[in-house]
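What follows is a single chain, given as structure tokens, in the form predicted on its own.
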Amino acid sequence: MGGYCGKLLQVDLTAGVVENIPLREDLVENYLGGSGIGARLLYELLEGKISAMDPLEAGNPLIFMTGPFSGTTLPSTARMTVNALSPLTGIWGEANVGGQLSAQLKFAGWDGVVFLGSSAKPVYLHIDGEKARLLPAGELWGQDTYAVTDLLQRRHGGDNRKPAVAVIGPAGENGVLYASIAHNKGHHFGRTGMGTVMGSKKLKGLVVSGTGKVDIGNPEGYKEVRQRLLNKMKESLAVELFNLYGTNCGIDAGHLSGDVPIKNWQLGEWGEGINALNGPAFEAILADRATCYACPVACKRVVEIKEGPWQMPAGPGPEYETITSFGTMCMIPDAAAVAKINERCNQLGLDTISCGCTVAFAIDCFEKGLIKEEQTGGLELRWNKPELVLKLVEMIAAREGFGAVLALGSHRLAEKLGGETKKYAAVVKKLEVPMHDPRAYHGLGLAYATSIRGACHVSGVTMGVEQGNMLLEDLGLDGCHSGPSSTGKARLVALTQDFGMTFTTAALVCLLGGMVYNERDFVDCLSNVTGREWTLERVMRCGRRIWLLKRAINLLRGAGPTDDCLPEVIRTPLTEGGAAGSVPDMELMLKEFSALRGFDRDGYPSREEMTALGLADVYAALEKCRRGQ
């Protein structure tokens, strides 16, 4: 079948054994790829043990998966996922990344890598085509991601080849709960602490090189749909803006609509700050543009600061999420300072969303008198203090002083502080909310509340559809959606979650260039790459199966309908800005959503639907769990 290599690497870190296992046909047919297959593998590997498994125990599998488009030249398909139980949230964890890693893994002949157990000493996995071996990483342990990436590319490169590298930094080694995995320095598996799981396994990273190619099921049809998409991209204003200004291209428009979070979600407008942090502001330090494998969008920034307090050599620049989590959230109106903070987070291996949000939350609590200097080790936490934020980033990665508490994330920080602090912690299911405000787009609020891994704007296509940037007319989603309205949003969210589970998390289409895809484009890509017939009905059924499986994993982990909620700080209306006075009607949307999903009062799906989707074994586990067995 086209689009797949047909095999996985299984790495037993405890025994030091690497073996080839087949990629089962039923996994491909029912879960497609990415975190769809990852979820099914994790469920099977932990069957009967999911509820009690500590995410930092050796028994928690770590699963890297590509999708059927990985390694092809379809535009905006360079992503891949990593999956495990999350040490930050305690539930299903996943993160995805672009770059070169997914293509190189497919060129080497592998659809994914499954890590089991944990090593007694630091190791890394070297994959060179069909050959894969564990190598000692003692001398790499403690080094930052940039240094290790350079070293491993020199060591295993040559003949004009630069291998793809994915490594953790000191944050992952030290157990920061939101540690990331850095791929080629500037691409990060950021969310849910997957770097922390790697650190617990004494796995420093992966190095991957391949020279093969991905087989296409129907080459002629593939050429047609690929050219169709490339033509759409040439005509797309959104793609042009992403190329010009990167993922930060929409911050001005977002500020006007109320989409950009400011001052820990409590300020509706900040013109001075936006002007200092928007796309043109970063042009002063822009050195180059970069792109992921075979992607014409080229949204990645390369920045360089030649002088001043934030001096840094040319390297990966910050994305929108970083610019807002440390810029607008921490009230730092300085592009160069934010770029420097981003560099250190990249080097240390930190998720910039969780890190920036946790720091902003701590500053907010200090400003309100809810944290005292004796708790911070004498540090005075104030807005617009980039030197302080940079110091806190270092302390977090080292788990030093007050940084050890910040390393636990916003939810646990609020638990430790107590009092009124919880109302200012912007988390859903213990995961910090990404940098788009649902008071401006109510459907996004429901998507956040019901997202599997915790608040997420990329595991479905809700945001793109609700904002009118992506049209799914065959699903009845034509782009006519009022942002600050809760009416009809439950249907929109359910449909965009099911479509998105297949589109973004299993087939792994990037949402940026992916905005030009419609349902027909996606179905044609699947059919022509795999050489098997796909329909929109099958796409939606596959997405629903994946969504319900991940939901079931969360239910088995103890996360139920009471966790499907927005934090108080986001349920509080703003008094200024584009979303002033607007708050999502969560009671209405959740009631309608639950009915659409067929949930019972405990948030469980029906036996009939689970059985029809091939999840009868999962439903049986849920019933057993409900009975307390």
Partner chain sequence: MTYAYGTAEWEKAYLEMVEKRLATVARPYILGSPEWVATYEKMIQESQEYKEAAKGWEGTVVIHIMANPALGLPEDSYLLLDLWHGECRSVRLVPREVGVKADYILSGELERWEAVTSGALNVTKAMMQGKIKLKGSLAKIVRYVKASTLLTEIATHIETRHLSQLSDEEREQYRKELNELKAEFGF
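Positions refer to the first chain, counted from 1. Bear in mind the structure is a predicted one, so any value in this text is a computation, not a measurement.
Absent from the display: the form predicted together with the partner chain. The rest refers to it.
Proximity to the partner chain in the predicted bound form, taken as heavy atoms within 4.5 Å, picks out 245-253 from the listed stretches 345-353, 245-253, 206-214, 83-91. This chain is drawn without the partner chain; in the predicted bound form, the residue among N469, N218, Q375, Q143 with a heavy atom within 4.5 Å of it is N469. For the options G479, G531, G315, G157, the one in contact with the partner chain in the predicted bound form, meaning a heavy atom within 4.5 Å, is G479. In the predicted bound form, the partner chain stays beyond 4.5 Å of every heavy atom belonging to L286. In the predicted bound form, no heavy atom of A298 sits within 4.5 Å of the partner chain. Remark: A238 counts among the residues lining the partner chain in the predicted bound form, judged by a heavy atom distance of 4.5 Å or less. For P280, a non-hydrogen atom is located within 4.5 Å of the partner chain in the predicted bound form, even though that partner is not displayed. Annotation for 157-189: no interface residues with the partner chain in the predicted bound form [heavy atom within 4.5 Å].
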